[in-house]
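In the form predicted on its own, a lone chain appears below as structure tokens.
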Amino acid sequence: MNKKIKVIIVDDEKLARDIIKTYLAKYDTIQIVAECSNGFEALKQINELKPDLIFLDIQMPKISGFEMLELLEDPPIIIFTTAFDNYAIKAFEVNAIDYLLKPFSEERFDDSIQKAMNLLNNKNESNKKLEALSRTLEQKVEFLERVVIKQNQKIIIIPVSEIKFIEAQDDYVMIYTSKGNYLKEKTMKYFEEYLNPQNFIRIHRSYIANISCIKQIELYEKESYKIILDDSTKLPVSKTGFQKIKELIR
């Protein structure tokens, strides 16, 4: 490719950003267009500058690297840089091209750059390889602690403990809390997988409920039940959902 590769470095540690800049200095085909110390700043720069590649730390103040990616409509190529190895599986699930575990050597860094260049030169073929890699990796679920919502110009962070229930709405879900309701472009399957089953239960094809909010279960009609939440909201319960609830209260 003839044009320069536009890069943004996102890391809350200045030393980490400086190391990446030092390693990138020898690449004439790469232009660092911004460096950011948090996810909010990075969102603004990525939307404005449209980089080809970002080096992204995962654990940062305010919002994490994963939460920031959720708010991007068309994320660039990602190389994660982190001091924690427990996010590797999730990193490949969001199609990161590589995962650099701090402290990483310049040789290891150069390998990542080569992968990124190969991907930019032959994006379709590289995407297939990434998808194959993702499928072969062992699944490891880390439960959500909070949900990030983009609402017009605002970014709202909801601790999962504040979620009362979730309702399916086509390709979206409506998240109900005591402070308001929030629409998010995610599937029920996603939340069923990433909400801790010790705290949440899927009671119906269209509903997931916070177990701590369930006040009672009542018979609605023959073999049909509803749960009553502590704010008097009534939600339908499927036969499968009822079996799950019975197992929960044994």
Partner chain sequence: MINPFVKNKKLFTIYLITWFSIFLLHTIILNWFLSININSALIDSIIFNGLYLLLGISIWYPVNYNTLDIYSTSKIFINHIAAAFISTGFWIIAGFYLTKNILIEDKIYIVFLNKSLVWRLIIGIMYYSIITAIDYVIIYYNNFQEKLIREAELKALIKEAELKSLKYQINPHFIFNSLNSINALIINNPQKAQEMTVKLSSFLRNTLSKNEHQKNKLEDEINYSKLYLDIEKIRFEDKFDFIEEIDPECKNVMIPSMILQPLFENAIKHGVYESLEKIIIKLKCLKTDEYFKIIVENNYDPEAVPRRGEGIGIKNIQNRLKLIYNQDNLLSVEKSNNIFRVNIYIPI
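Numbering follows the first chain given and starts at 1. Since this is a predicted model, take the numbers as computed values, not measurements.
What comes next is about the form predicted in complex with the partner chain, which does not appear here.
- Only one segment in the set 109-117, 170-178, 72-80, 152-160 has residues whose heavy atoms sit within 4.5 Å of the partner chain in the predicted bound form; it is 152-160.
- Using a 4.5 angstroms limit between non-hydrogen atoms, Thr22 touches the partner chain in the predicted bound form.
- Within 4.5 Å of any heavy atom of the partner chain in the predicted bound form lies no heavy atom of Leu43.
- Although the partner is absent from this view, Lys239 stays clear of the partner chain in the predicted bound form, with no non-hydrogen atom inside 4.5 angstroms.
- Interface residue remark: Asn38 is counted as part of the site for the partner chain in the predicted bound form, having a heavy atom within 4.5 Å.
- Think of it this way: in the predicted bound form, the partner chain has a heavy atom of just one of Met188, Ile63, Cys213, Ile30 within 4.5 Å, and the residue is Ile63.
- Of the residues in 142-175, those that come within 4.5 Å of the partner chain in the predicted bound form through at least one heavy atom are, in sequence order, Glu142, Glu145, Arg146, Ile157, Pro159.
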